[in-house]
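For reference, the chain that follows is the form predicted on its own, supplied as structure tokens.
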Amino acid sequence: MPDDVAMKRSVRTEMPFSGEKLDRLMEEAGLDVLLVTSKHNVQYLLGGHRAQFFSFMDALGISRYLPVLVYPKGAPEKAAYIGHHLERYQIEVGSFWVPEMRAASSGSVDAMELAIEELRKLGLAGGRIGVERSFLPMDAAEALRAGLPQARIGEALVVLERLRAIKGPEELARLREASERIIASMLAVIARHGPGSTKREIAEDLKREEASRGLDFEYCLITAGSSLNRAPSEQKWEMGEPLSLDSGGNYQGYIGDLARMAVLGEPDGELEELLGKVEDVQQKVFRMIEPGRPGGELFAAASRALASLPEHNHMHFMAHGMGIISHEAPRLPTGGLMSYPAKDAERPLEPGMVLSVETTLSHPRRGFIKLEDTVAVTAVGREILGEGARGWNRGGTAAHP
């Protein structure tokens, strides 16, 4: 079968998401059709499909990879997917609910031109088109405007985030696995490294450990001693010093993101006290996580807990949604390094939502002390995913690598 013709398939009859919910969200946003172009949302809507050739990089030749999923409201039987020529092999052996799978593009502009063809066939050349503005390159956006000058372009990012916000049992299982495997990787690395190990060596070892446990390593933010610098470097970890590991690892498309602490030798009384204060804030917020409670109340609880501490000027709290990406719906932050509109702060938490809860102490003498946890909202309260290793984990208990 030539690459440039449509691949008609109807192998899978069930969609991996609620079409009814998506249609309702589109109606509320005033959209007739979606052009989904982010890899993570394409992955979600297609039930896990991700182009293997473009898993880590989008650039190719003089253009870039741009998947486009065309979803008309209320008519999934008329949906179409535009993929790159190299995706034809995965499409041939895969199972998809989208009836028209086209492995036919080479770059961003021709992918959009093929999507425009689909919109014209649907009679939506003058419709209300939802796009992900942050994931639509300028040349493709210009092609869309030029090809459909009568169309009205709207934002679809919030629609897609709210569709993903409630996780099903399989998604929760993957998030749980990601969290537990990251904790296990951290403990193995901490045990292997002793005095003189550099932050770079430890971070590289964590990358290998996560990969050996079936995770796609994404990042490691690491501090040692009194330094607040979180980049891997040649700085050495020495006796008596704290070590902070904050790492993201992806398991079957879902990210785990946790932070744990370690020390070489026995932690002194001050270190025990400082980590205890961080843990106390975490626990107070955990108790607030339950269905029906507005997410913004977690920040109010954290603010009350922090205000009572003498170190409050050096402490920071954050809570955000987790799933296919880090920092997704529910969006709760009201400030800090990851500041964006808190669109969901007044909305009630619902069973199936997953949150990252993190408390940080940037101590001017003792360094960076942090705990970050992943918490799922359940029908009756909460479940912490990957709960172990919350205290001071001792380094160097196994042979040095």
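Bear in mind that the values here come from a model prediction, so they are computed numbers and not experimental data. Numbering starts at 1 and follows the sequence shown.
Keep in mind that the form predicted in complex with another copy of the chain is missing from the display, and what follows is about it.
Peer 1: Which residue among Asp268, Glu77, Glu170, Glu92 has a heavy atom within 4.5 angstroms of another copy of the chain in the model of the complex?
Peer 2: Result of the distance check: Glu92.
Peer 1: Could you tell me which one of Pro232, Pro294, Gly147, Pro99 places a heavy atom within 4.5 Å of another copy of the chain in the model of the complex?
Peer 2: Contact with another copy of the chain in the model of the complex is made by Pro232 alone.
Peer 1: If we take heavy atoms and a 4.5 Å cut-off, which stretch out of 210 to 218, 299 to 307, 67 to 75, 119 to 127 is in contact with another copy of the chain in the model of the complex?
Peer 2: Answer to the contact question: 210 to 218.
Peer 1: Indicate whether the candidate residues Ser185, His363 and Arg390 are all in contact with another copy of the chain in the model of the complex, with contact defined as any heavy atom within 4.5 Å.
Peer 2: Spot residues vs another copy of the chain: no contact at all.
Peer 1: When the contact criterion is heavy atoms within 4.5 Å, does Asp58 count as touching another copy of the chain in the model of the complex?
Peer 2: Yes, Asp58 lies within 4.5 Å of another copy of the chain in the model of the complex.
Peer 1: Look up in the model of the complex whether Ser326 has a non-hydrogen atom within 4.5 angstroms of another copy of the chain, and give yes or no.
Peer 2: Yes, Ser326 is a contact residue.
Peer 1: In the model of the complex, does Met239 have a heavy atom within 4.5 Å of another copy of the chain?
Peer 2: No, Met239 sits far enough from another copy of the chain in the model of the complex that none of its heavy atoms falls within 4.5 Å.
Peer 1: Is Ile255 close enough to touch another copy of the chain in the model of the complex, meaning at least one heavy atom pair within 4.5 Å?
Peer 2: Output for Ile255 is yes: heavy atoms within 4.5 Å of another copy of the chain.
Peer 1: In the model of the complex, which residues of 101 to 125 put a heavy atom within 4.5 Å of another copy of the chain?
Peer 2: Counting only heavy atoms within 4.5 Å of another copy of the chain in the model of the complex, the single contacting residue of 101 to 125 is Ser108.
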